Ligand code: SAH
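So this first bit is one chain, no partners, the form predicted alone, shown in structure tokens.
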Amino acid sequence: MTYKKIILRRGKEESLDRFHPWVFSGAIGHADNNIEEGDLVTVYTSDGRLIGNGHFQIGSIAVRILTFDSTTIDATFYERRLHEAYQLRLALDLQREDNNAFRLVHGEGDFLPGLVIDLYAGTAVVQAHSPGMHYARHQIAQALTSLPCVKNVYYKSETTLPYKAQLEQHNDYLVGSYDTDIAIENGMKFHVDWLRGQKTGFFVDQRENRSLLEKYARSRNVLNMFCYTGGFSFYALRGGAKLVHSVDSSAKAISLTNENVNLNFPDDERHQAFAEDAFKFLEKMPANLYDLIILDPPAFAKHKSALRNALVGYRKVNAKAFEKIGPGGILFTFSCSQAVSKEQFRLAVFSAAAQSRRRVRILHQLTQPADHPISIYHPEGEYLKGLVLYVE
């Protein structure tokens, strides 16, 4: 199939020859007339060599390459890529009786840039991060129905499409209808609010880190800051924590946290939840009350322009945790900001530790799980950074 053409400026193909899937706007020398957002285009070098096919959009990232050859992007293409993604999840043993929640497609990491799909108990929640994937949503939904793990497909992209995209942004069921909002992760039940919740409704990227926390929780007083729907909290309870306090500024998140705790530990008096600003809570809480603290804030920097303020935020929140955590305490601290590198995050935490003048050791360096794979050609896909620290 013939698509409209984009021709690169001379010498701008180097990263693409290394299979990096982004064409930046400054690399384009010439483009056919009347290319619109979401159109499929073929990219060529200045001397006419074919690079591949991808989706066009307005912005810094002008083309997201889907295939580095002349393969047609159609229903068969999506079905093949989705089956490949599903086979990887089967190899990771993520679809089990005690686990039916995982990421099925992780954008560039599954060679489908601009597309994220999380699976919860048979409902595939689809998010488009590019106009091209938005326009392809019905093909994607039909391809999803060929997978044995999918019963329903819910489309949710009102917060993820580029702001420049003049598209109708809506949520709807593309296949099936509302079934159940209860999913299972490592034997723990939880409600998923894919209708109104953040992202796709839950943060499956912390699954393995929650399991690690469970091993440290026994007989500890646990504080789960920025708790959202309480994932770390109910793992801490299962791990034998003496008490677990969950804090989030959103009353809706606190309500979901309480529902999730009650699903797994009904009427458990070890747990309390507080709808409060995290920084204010940390400021007023007594020192040494908690000896296991989780800091898992939302992205402080969604764009590089916010990087400086984000690093200040990470230093500030970690400094307060170092100041207040009890002796022999363990701190799980995270950044999910793609714009913040591992080195920058670690330096922010180091600065906070030095400010506290306490002896701090790194026990674990954490990242996203294997169902959030990182293409070796696209290191930007490594967005989740975490440290587990022992504070004397």
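None of the values given here were measured: they were computed from a predicted structure. Throughout, we count residues from 1 along the sequence that is shown.
Omitted from view is the form predicted in complex with S-adenosyl-L-homocysteine, to which the following refers.
Given that S-adenosyl-L-homocysteine is not shown alongside this chain, does L243 nevertheless sit within 4.5 Å of it in the predicted complex, heavy atom to heavy atom?
Contact with S-adenosyl-L-homocysteine, no.
Answer for F203 alone: is it within 4.5 Å of S-adenosyl-L-homocysteine in the predicted complex, judged on heavy atom distances?
F203: contacts S-adenosyl-L-homocysteine in the predicted complex.
Should P148 be counted as a contact of S-adenosyl-L-homocysteine in the predicted complex, where contact means heavy atoms within 4.5 Å?
No, P148 sits far enough from S-adenosyl-L-homocysteine in the predicted complex that none of its heavy atoms falls within 4.5 Å.
In the predicted complex, Y314 touching S-adenosyl-L-homocysteine (heavy atom, 4.5 Å)
Answer no; every heavy atom of Y314 is more than 4.5 Å from S-adenosyl-L-homocysteine in the predicted complex.
Among the candidate stretches 219-227, 306-314, 235-243, 132-140, which one is within 4.5 Å of S-adenosyl-L-homocysteine in the predicted complex when only heavy atoms are counted?
Heavy-atom contact with the partner occurs in 219-227.
Single option in S250, Q272, Q87, T72 placed near S-adenosyl-L-homocysteine in the predicted complex, where near means a heavy atom within 4.5 Å:
So the residue touching S-adenosyl-L-homocysteine in the predicted complex, by this definition, is S250.
Just one of M285, A278, L174, I184 has a heavy atom within 4.5 Å of S-adenosyl-L-homocysteine in the predicted complex. Which one?
Going through each option in turn, the one that passes is A278.
Does any residue in 368-392 get within 4.5 Å of S-adenosyl-L-homocysteine in the predicted complex, counting heavy atoms only, and if so which ones?
Going through 368-392 in order - heavy atoms within 4.5 Å of S-adenosyl-L-homocysteine in the predicted complex - there are no hits.
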